[in-house]
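The chain below stands alone and is given as structure tokens, in the form predicted alone.
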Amino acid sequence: MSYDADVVILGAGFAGLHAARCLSMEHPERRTAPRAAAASSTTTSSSSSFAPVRCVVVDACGEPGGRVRVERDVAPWDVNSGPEFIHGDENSVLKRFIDACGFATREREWPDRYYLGLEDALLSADDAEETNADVREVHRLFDELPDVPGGDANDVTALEWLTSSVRASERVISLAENIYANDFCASLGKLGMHEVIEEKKRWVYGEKYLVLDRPLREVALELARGVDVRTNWDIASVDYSQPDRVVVTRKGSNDKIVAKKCVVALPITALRSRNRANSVKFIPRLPEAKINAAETIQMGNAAKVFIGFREIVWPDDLFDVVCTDCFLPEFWITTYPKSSHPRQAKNAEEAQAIADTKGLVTFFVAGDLANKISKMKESDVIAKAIEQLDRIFKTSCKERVTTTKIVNWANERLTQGAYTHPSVHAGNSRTLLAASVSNTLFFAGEATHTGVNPCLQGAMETGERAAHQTRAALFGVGSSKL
């Protein structure tokens, strides 16, 4: 029987790329030397105990990285439109890989400022904690998580917990919405407390908030180095009806890849049978338990509102601001080295505006508010965001603005959202999502992380898990879980 590869991996995000590295490289966390890239998975290992596995990774996007993407039409540097920060530096496969690449990180406090709209006050995090009882209380509640009903059968939303169990004030609930729910990528009314507790219990990465010295896209490209990645490869179907044979076909063509095993590292939305925009046809149909789990775990929506400035109007040390009683809940300030890639300007005027940009404000909004602004006129969203900055910085910002843009992840066909969030009555859904099928299909991606970790290191951990399962199946150890 002829095979194009031992394993075909669906999805070139951080989960799929790391799965390929774990299968094909003896030291996947080490940076791959440029001269070794062409050899990729066909290179024989120097260790007699490691057998490289031939892998092919396919992805519908134009380059590897998955939800790690950049915009090139708002600033002279590449701007992260997806994930932007590194959450924790302990026990992190992502941090180890970044260190191996020689990339630098800078620790920042999150948030380092609060803007309290009712008081019209921009405060440091320490001052806000010291002077504002509501800020202290919201952090206490989410640190201690008191009076949360036990067990999945009694699961409640964060909003129900705050209103009924701990009877928090409206101000504390508002702060919880802007600080915690926004970070979780959901509104309080959709945030499941059972999985919030599980995430907190299993978080082992430390509390440092790290900013990379370059866009995260460069980490994705390093992960892809030495891996056979085929981009612009939209998947039509996955036929695993025969033992030890998976046939993946490409949409709109006769192209196909035949392999012995398959790692599915696609966004959770691709596993939903009723999703017509980005569903993949599995032959035979995936087990009902897995399909139901994909419906239970919810994909949160998020949007970024970018506003470029020709003149800096904020304090030099300002990083991240959580805002209360305002239009948008959070923004941050980041800059990166000027990119060598051409800017994507439509005309000379836009090109000049990009070149004139000296600083960039990135608003981040998730959950119901992200859905709401997706239905608003973009010009209205930008105008209200600038008015919010006027209040905070006590100056008129409009005449200093060079570029603006909104990226709403609900409009991304391949993901239809940003990342999954702690979901109500999730039960063992993430375990079911992670389970293999017929000892042939293996699953990775942040939604399959049983520790409810949607961060990049969580995605990479699931890729490593799927690689170990796949290797065991290839070499005659292990069996199907579904």
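In case it trips you up, residue 1 is the first one in the sequence shown, and so on. Everything numeric here is computed off the predicted structure, so don't read it as measured data.
Omitted from view is the form predicted in complex with a small molecule, to which the following refers.
query: So which of 342-350, 187-195, 231-239, 308-316 is the stretch with heavy atoms within 4.5 Å of the small molecule in the model of the complex?
result: Every other range fails; the passing one is 231-239.
query: Looking at Ala265, Leu389, Leu223, Val79, which has any heavy atom no more than 4.5 Å from the small molecule in the model of the complex?
result: The option sitting close enough to the partner is Ala265.
message: So the small molecule isn't shown here. In the model of the complex, which residue out of Val138, Leu162, Val280, Leu360 has a non-hydrogen atom within 4.5 Å of it?
response: That would be Val280.
query: Is Trp110 a contact residue for the small molecule in the model of the complex, using a 4.5 Å heavy atom cut-off?
result: Residue-level check for Trp110: no, no contact with the small molecule.
- prompt: Does the small molecule come within 4.5 Å of any heavy atom of Ser436 in the model of the complex?
  reply: Outside the cut-off, so no.
query: Is there a heavy atom of Pro422 lying 4.5 Å or less from a heavy atom of the small molecule in the model of the complex?
result: No, Pro422 is distant from the partner.
query: Does any heavy atom of Glu295 come within 4.5 Å of a heavy atom of the small molecule in the model of the complex?
result: So Glu295 does not count as contacting the small molecule.
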